[in-house]
Structures are given as structure tokens and as C-alpha cells.
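Before any questions on binding or motion, here is one chain by itself as C-alpha cells, the form predicted alone.
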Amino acid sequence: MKISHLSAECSPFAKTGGLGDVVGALPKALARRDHDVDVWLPFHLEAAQWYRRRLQWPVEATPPFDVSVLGRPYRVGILKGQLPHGGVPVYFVAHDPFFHRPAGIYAPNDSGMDDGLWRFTLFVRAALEAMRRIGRRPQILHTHDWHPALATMLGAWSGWRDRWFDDVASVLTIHNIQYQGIYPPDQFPTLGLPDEVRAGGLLDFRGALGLLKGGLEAADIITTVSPTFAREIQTPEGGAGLDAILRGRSDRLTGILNGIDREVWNPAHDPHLSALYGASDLSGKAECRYELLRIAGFETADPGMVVGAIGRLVDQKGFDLLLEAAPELIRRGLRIIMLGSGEPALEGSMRLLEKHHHGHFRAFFGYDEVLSHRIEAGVDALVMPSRFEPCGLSQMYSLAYGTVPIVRKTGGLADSVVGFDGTNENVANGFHFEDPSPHALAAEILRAQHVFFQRGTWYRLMRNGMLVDNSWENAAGQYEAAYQRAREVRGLPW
């Protein structure tokens, strides 16, 4: 089957979180199952830098051409590379004024305005035109989050104008429902959709344009990144204003738990680690722990429990709960290593904790791929106190690295971590708590600390996690079923 993925992010070229990891891994798993897969991505400055660091450059896939947005021509180039460790083609849409922004993938323009609707309209229209030019018509157009959702809408609502879409079914994956692409209603003409779409309110979201809403209305099949999150987003508490639409389309909605790329995240051959190890021989993990404690400036001979946290410092991730609980945890003998960036107030709290608890709290800022691997391998437990979590990948990396996750029981965290209840050490691989409060988080971490000193039980939890198959092969099979269903509802042959 021919499958084309459209996304704003794709690891390793450009990513801010789990979206990039998924789009960098799922296509390779589908290709291993003999599907004809490619990925379409804006040529962000990060992607250009990735190639320059390797003294490489993608090849030109087509001569440059103009794309019209609201009657104005934009010159675009189409470059072709491939995903590492898999050879899946990646097509980059290049237009430097929109995509070469030093401040990041989602940075505003030079005037400080969010021009995302224009940028991603150009991306979608350029990608679809390039597919025509190279003779590529996918059977499945798989869009990720709101950024390429216009492609889904064009396939559903412009089919009577454009016969190219006649054999193309659509799947839209929600990675994070909080990011919806909300823009002023007067920008509707930019999308180039039929007037009846506006008249029918298909993009209307509380008086504004909602690109994710439009994509959900138009998609043949909707997926999200865990079964629990698929249920949560159909509730007023978890649906971010889209729950009614999702309940109405529940027969088209399915939750598929993400996998992890075991070629990248595997302690048996991770080039970022000071020692390699596996479930049958964990001795290398002790050396990784020693090296991480040295980097953090901690006493390397201290046998006390070390916990880590990695991620964006935003309200969703709940790291404010950990920061508030940290002084009491440190008083109880724990040491904490955090890597992340985001809200200035949370970064400030990390700096204060590091200043006042030197040798027991270490803060690293920004995103550091190498350090994230070393933290996953070197800490004893990883904390994920998310208020909501569509899937989460860090807890799966932890399981693979023999690091015991301590997670709030929500979304994909609930689906991927089996909490230890004192009696189920044969299957448990982590710890759960439910109340999103510093007290509940601290209580669960301290319970984990108690088990940590029961070395036989802790070792069992570590090995249970390492034996879990969180590879993409399972998820790829479920996506195949979603693609088949998309073509069925579209009335197309499989």
C-alpha cells in the first residue's frame, strides 16, 4: 500500500517532542511490513543544520515551482532525503522565509505574528502539487496534528473539483489535542476551501477557525496515540472543546499506543552510553549511573535513590508538582536530575533548587539528545507527573533501559506502565499515582524509594520493564487495520 505521511516534525531532522519521534519511526515500521511509504516535511532550519553537520545535503526532487496562496505566488523547492536506519524517502518543502527561522519550528514571523495558517497552507499545497509532479498518488494520506490537516479537508471537501483525491483515503492522528491551530475567521480565504465549508461551520471553533476541528470533521479515520487517551478526549474534561465531535465520530476513532524506535533507544547498542547492557546482564547500568552522577556533580559512591525527569516545562507535564515536592524528597535522601526548558518560572525554580541543594538537585536546560539517553540509563527511576499525557515516550524509554517509571495514571502512561501494588511483582514494571498534587507525587516516590532498597523486588521491576515489547511492530499492525478501515469507509478497495 502507498502511504504518505505529512507532518510538521520528523526526527531526527526537526522535532520538539513526541510527534517528531513518532513520524520518524512509524514509517520505517510500515516499510518493514512491505508498504511503500514516504514522509513530507517542511525544510526547517533544524533540518538544514542536521544535514550541514554531516556534510551532506538532500537532492532536488523536482525543479522549483510556484504555489499560489490567496492569489500570491510563492516559490518552493522540493528536496529528497531519507530516514536514517530504514531508507524511507523524506521529501522536504523548502521556502526559507517561512521555514528557516532560528527561534524554532513554530516561531512567529519577523513581526512577531503567528503566521502558521499561511505557512502550513503553503506546505500542504506544495506537497500535494509535488506528489502530482513526481507521479506519487498515495492510497493513504496520513496527516499528523493540525498543521497538515488542510490536506485531509481538501480530500474530503474538494473531491468534486479535484479528481486526484478519488483513490486517496485519509487518516488523521491526534498527538496532542491541546494544540489545535486556532486562527481568526477572516483568514479562511487563505485555505482555498469552497465557500460552503465556511457556510456549514465545518471549521468554526468558538467563533474562530479551528484547523484541527476541520481535520477531524473531514478525516475518514481518526487515530490517537493511546487507547486511554482516545477515551479521555471524548469527555468534556479531556476533549479541549472537541469532545462532542469526537463522540459523534467515535465509530471512526481508535487509540493506538505508540512504540519506540529500538534502533535509537536500546541500551545494548546505544552509542551515547559509557557502557552497554541488557536484561540478561545489567552490570553496565551501574557504570552508566556512575557516569551520570559524575556529570551531575553528585557523590558517586552514595547508594541512595536517584530520580530523573525529562521534558518540556509546561503545565501539561506537571513538573511544577515535582519541583514543589523536591525539598521534602531531598530531605528524605533522594537526589534529582532534571532536563528541560519552557516556562521561565519553572526554570527559575530549578535554578533555585540547584543553588540551595547543591549535590542533591541538578538542573540541565534545553534539549540535549545525548544527555537524555544518559539520564534514561543512569537514574534509578524516571518521574512523569503529567496532568494529561496522550501517550508519552519517556516512560517507554525508561522501561527499555531498566529505569523504573513513576507516572501519573493518565493517557498512555496508564496504558504502558503496570503499577506495583505490593503483590504483583511478576508483572509490575513501575509505580502509579492518581491525584495531580505534590503530596500524592511525593508519597508515590517515597513508596518507590522504600521498594528500591528491597533489591530483589526492584531488580524484578527493572527486568519486567526491559522485557516489554514496546517496538513499533505492534502499532504498525494496528495502523494497517486503520488504513484498511479508512479505505472501506471511503468505498475504496484495500
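It should be emphasised that the depicted structure is a prediction, and the values quoted were computed from it without experimental measurement. Each residue number is its position in the shown sequence, starting from 1.
FYI, the form predicted together with alpha-D-glucopyranose isn't displayed, but the following is about it.
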Candidate stretches 189-197, 245-253, 355-363, 174-182, one within 4.5 Å of alpha-D-glucopyranose in the predicted bound form by heavy atom: 174-182
Contact flag, residue 158 vs alpha-D-glucopyranose in the predicted bound form, heavy atom cut 4.5 Å: no
4.5 angstroms heavy atom contact with alpha-D-glucopyranose in the predicted bound form for residue 393: yes
alpha-D-glucopyranose contact in the predicted bound form: residue 274, any heavy atom under 4.5 Å: no
Contact flag, residue 147 vs alpha-D-glucopyranose in the predicted bound form, heavy atom cut 4.5 Å: no
Candidate from 109, 234, 266, 316 lying within 4.5 Å of alpha-D-glucopyranose in the predicted bound form - any heavy atom: 316
Heavy atom within 4.5 Å of alpha-D-glucopyranose in the predicted bound form - residue from 258, 121, 228, 139: 258
Within 20-44, the residues that have a heavy atom no more than 4.5 Å from alpha-D-glucopyranose in the predicted bound form: 22
